[in-house]
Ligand code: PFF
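First, one chain by itself: the form predicted alone, in structure tokens.
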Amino acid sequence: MNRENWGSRFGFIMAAAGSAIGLGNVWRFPYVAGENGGGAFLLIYLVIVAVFGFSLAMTEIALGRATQRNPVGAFRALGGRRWMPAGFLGVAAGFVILSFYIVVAGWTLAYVGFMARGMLGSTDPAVLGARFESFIADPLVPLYYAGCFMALVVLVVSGGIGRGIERANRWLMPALFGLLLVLVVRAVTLPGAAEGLRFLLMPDFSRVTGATFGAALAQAFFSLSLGMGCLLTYGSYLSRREPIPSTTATFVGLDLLASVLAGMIVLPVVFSFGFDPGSGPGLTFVTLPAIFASMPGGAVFGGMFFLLLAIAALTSAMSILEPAVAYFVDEHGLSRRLTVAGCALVCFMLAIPSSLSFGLACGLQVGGRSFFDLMDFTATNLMLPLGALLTSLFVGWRWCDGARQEIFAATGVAPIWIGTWKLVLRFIAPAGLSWIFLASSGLI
């Protein structure tokens, strides 16, 4: 089978970093860190990503490169038909995640425009909260922005790996880091910003609870796109000449850097103006606009921040859609353009009830959750940890020797930490992921 490859190692690293760096880093990480004690959470998160996240990321890439297949085809080729559900789980997760991801991504696009038109000029969080509630409750406007965002994703993914995803990430990822650095400089020079930096960078272990470890573990695999087939699919386009360990370490490091920089933007700004760093998801769309309106040049600063969010969402959304596209192209011989359009249409149709759950369909509850919350819960708390768990068990106990050979194919030499890698896959990762899955599903 002729399969397109990444044009270069740099192209793959930018694409993999784009997959990992998304709303989870720029939107989710700062408020989760704020809710879980700042520096202590960051330290625990760094250790989990360096050991647990790095091992699983290498494993998924090795699965893809060894088989040159999508998630379903990869598990079937190496484990037979009984392991195919693990691959289907990754493909299905893409549809579920995009159904609510493009809704939030649409909000970021809208807020770029709101900032540019001066529609968020109030310094009162209550006023901005009412503005945000009114916006997301509208039955049409949020869907319009979600559709615009989905159209951008279709435009890029339809171009294929080299001329579409790789080319876009070569431009978007440097732009994203450029915006991050500019915004960090502005944030840390605000009066009182040092308190926010201390909160983020100085661990206070008195704030650590059992929930802190669970939040750090969940943030790690959510941020790195583990368990949804993205890295596996991207790995299937990777040349065997490329070294998996160093390549993985590079984009995992970039993912960590993006999270820390995002924290260095949001938390100093929040502390500088005396707001609560643990104010939850509303921190981005309610609290921060109030702060932007209070600072000199805040409209420009705010516009750049929401543009940063939109870019991060776009690079991740491309990778979330690709496993489903690869499945239909590989297994059913469909054309890429037709497949991308069909998958995008299904995702957008699922996004409609997700968006309406903040307005017209707010009374529609499933198990006490709105449709948006149900999709978020199903993907984040059930599908992703279960997908990562099955991948870890499969490679750790069924395909361990093959994975080791694939990971070190470029050098032929396994380093001294190979024993730690096996230990993580066989015991540590399954234990942690099982705990997340059981706790999230209410079984413990």
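Note that the structure is a prediction, hence the values are computed from the model and not measured. Heads up: residue numbers just count along the shown sequence, starting at 1.
This next part talks about the form predicted together with the named molecule, which is not shown.
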- Per-stretch contact check against the named molecule in the model of the complex, the hit in 75-83, 139-147, 220-228, 193-201 (non-hydrogen atom, 4.5 angstroms): 220-228
- Taking 4.5 angstroms as the cut-off for heavy atoms, does residue 319 touch the named molecule in the model of the complex? yes
- Query: Within a 4.5 Å heavy atom cut-off, is residue 20 in contact with the named molecule in the model of the complex?
  - Reply: yes
- Message: Since only the chain is shown here, I'm wondering whether residue 97 would be in contact with the named molecule in the model of the complex (any heavy atom pair within 4.5 Å).
- Response: yes
- Message: Taking the named molecule as it sits in the model of the complex, is residue 111 near enough to touch it, meaning that at least one heavy atom pair lies within 4.5 angstroms?
- Response: no
- For the heavy atom contacts within 4.5 Å of the named molecule in the model of the complex, list the residues of 174-208 involved, in sequence order. none
